[in-house]
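Shown below, as structure tokens, is a lone chain in the form predicted on its own; questions about how it binds or moves come after it.
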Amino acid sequence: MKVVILSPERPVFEGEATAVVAPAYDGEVGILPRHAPFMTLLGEGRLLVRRQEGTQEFKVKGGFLQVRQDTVRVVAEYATEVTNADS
């Protein structure tokens, strides 16, 4: 499935994924390929994008997550990738 993560400043990520785990406003949600259409408000926390090459982690806060036609779109008030130096 395709994953797009956007912040007000710039696109943060765009690529293929095997799973996404995101902090919804009322708890974590997991998205797998061919997920039914879905929309939720985002809370604050870590968003994981699982790919064939490994898992990428992002910090997100606010905004929403939408699943439609095997595409996950995250539009966040704040989004940045967590690097090994950030851990």
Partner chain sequence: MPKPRELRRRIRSVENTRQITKTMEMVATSKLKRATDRVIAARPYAAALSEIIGELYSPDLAERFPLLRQVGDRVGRVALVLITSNRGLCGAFNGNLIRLAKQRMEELNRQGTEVELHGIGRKGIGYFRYIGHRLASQRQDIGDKPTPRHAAEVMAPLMERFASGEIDAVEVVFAKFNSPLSTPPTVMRILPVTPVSAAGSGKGGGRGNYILRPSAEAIVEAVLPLYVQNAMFRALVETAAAEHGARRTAMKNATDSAGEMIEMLRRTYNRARQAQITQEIAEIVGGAEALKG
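Positions refer to the first chain, counted from 1. Quick caveat, the model's predicted, so the values are computed rather than measured.
FYI, the form predicted in complex with its partner chain isn't displayed, but the following is about it.
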Looking at the partner-bound form in the predicted complex, is residue 7 within 4.5 Å of its partner chain by any heavy atom?
yes
Taking its partner chain as it sits in the predicted complex, is residue 64 near enough to touch it, meaning that at least one heavy atom pair lies within 4.5 angstroms?
yes
Can you tell me if residue 44 lies within 4.5 angstroms of its partner chain in the predicted complex, counting non-hydrogen atoms only?
no
Close approach of residue 54 to its partner chain in the predicted complex, 4.5 Å, heavy atom
no
What are the residues of 24-43, in order along the chain, with a heavy atom within 4.5 Å of its partner chain in the predicted complex?
24, 25, 26, 29, 36, 37, 38, 39, 40, 41
